[in-house]
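The chain below stands alone, shown as structure tokens; this is the form predicted alone.
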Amino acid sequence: MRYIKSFVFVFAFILLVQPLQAQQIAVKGETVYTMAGDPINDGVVLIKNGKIERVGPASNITVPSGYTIHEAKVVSPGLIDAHSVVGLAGHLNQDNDQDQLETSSAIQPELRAMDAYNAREALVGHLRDHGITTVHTGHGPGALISGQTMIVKTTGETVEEALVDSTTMLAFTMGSMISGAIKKPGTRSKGVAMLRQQLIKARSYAKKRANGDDYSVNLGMEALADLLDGKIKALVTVHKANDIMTALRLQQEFDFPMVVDGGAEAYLIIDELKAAGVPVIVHPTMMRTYGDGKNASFETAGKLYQAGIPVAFQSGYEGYVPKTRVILFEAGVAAANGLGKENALKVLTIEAAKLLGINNRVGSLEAGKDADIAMFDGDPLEYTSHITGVIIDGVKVK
């Protein structure tokens, strides 16, 4: 009896942990969007040890024995949310789950997103259930510099299990969107002057650090010095055309890599953005149009993309429950307003991966990349279609 009990315990334990382990899976789709070439009709994706093993037409691939088979009408790479605050902002909308903005100071580059991220937050699961497998998240807009961002997978029980990149960008805000909870600069010029002063200090700090001179370590200066050294990028949330131009001047003055976030009036300065080589994480297509964002357009993503400016979609930050949007729906509106369906799918996947610098791992279905897959029962950009399965790192999580 003792041996029987032991066997039953071990067998139950194996059943319990099996779903958490990478599996051998074959995903079949009537249409497979690889984002590495033309869509494949009647395609197959083989997955082994958390990575994509092979992709191609079913006529060319024999599924090995022992592989679990999943079928869908449409298969695509896992979707990538290029800017969010999920994991820091929670679904309860209460003080104890709102860590996306520290209001004690207008400039706090030392704040690390990973120190506040909650991998078990319900909003993370909400995005995952809509096919989003990778999220660029962290401190949100509302302060001149609100803190650092990071990239995570929408899985895992801890930030360590979810982590892709611990420090990706520094979150800036320009224009009139500084939170009223912060002792803020009264005018645009004052805000830019405050930023310029910090960058001048950081330039001196970076020089001492590079030369090996004696200096006192300052966490805020460390982050800004990394920005000036090109190790991380500035994520500048800004909407009005004149404010975007100010951000471009600041970027050129201090020569740091930058991404425009939001860009409600970016369509007014397309030539300038293209000349500067600055990509845009476009505001949620259906954002509420007031304040600096009053001139937002459904057509912005399409206009920027057609002009050759790298773009990506974001859920952004919402000040009301449930605190986040779903980029799949935002992309559907952009697709119908000049971007087009296949371009919208690219922006949801491989284009976002390129913008974030993680296209060696995610964004397309290619051998050797992470096995992150979204499965649909119809056209992904039709509101009536549904997610029928999600795979992250070779594990079916939905």
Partner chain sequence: MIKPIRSILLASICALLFSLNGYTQSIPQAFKGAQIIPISGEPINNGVLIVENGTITTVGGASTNIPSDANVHNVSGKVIMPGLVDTHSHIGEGDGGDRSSALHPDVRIMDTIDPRSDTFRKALAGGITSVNVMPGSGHLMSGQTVYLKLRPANTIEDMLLVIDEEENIYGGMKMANGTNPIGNPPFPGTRAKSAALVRSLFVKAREYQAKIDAAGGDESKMPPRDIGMEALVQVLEGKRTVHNHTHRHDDILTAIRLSQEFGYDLVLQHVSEAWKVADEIAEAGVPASIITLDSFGGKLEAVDLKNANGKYLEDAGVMVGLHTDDGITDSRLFLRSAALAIREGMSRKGALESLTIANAKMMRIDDRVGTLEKGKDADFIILSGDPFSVYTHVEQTWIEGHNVWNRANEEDRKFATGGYEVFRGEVHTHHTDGGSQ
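Residue numbers count along the first chain shown, from 1. None of the values given here were measured: they were computed from a predicted structure.
One more form of this protein should be noted, the form predicted in complex with its partner chain, which is absent from this view; the next part is about it.
Of the heavy atoms in Glu265, some are within 4.5 Å of its partner chain in the predicted bound form.
Contact between Glu299 and its partner chain in the predicted bound form is found at the 4.5 Å heavy atom cutoff. In the predicted bound form, His91 approaches its partner chain with a heavy atom inside 4.5 Å.
Taking the partner from the other structure, its partner chain in the predicted bound form has a heavy atom within 4.5 Å of a heavy atom of Leu328. Comparing 166 to 174, 137 to 145, 265 to 273, 213 to 221 against its partner chain in the predicted bound form, the single stretch with non-hydrogen atoms within 4.5 angstroms of it is 265 to 273. Put simply, of Leu46, Val333, Ala58, Ile40 only one has a heavy atom within 4.5 Å of its partner chain in the predicted bound form, and it is Val333. Only one of Val152, Val280, Ala225, Leu123 comes within 4.5 Å of its partner chain in the predicted bound form through a heavy atom, and that residue is Leu123.
In the predicted bound form, Asp379, Leu381, Glu382, Tyr383, Thr384 are the residues of 360 to 384 with at least one heavy atom within 4.5 Å of its partner chain, listed from first to last.
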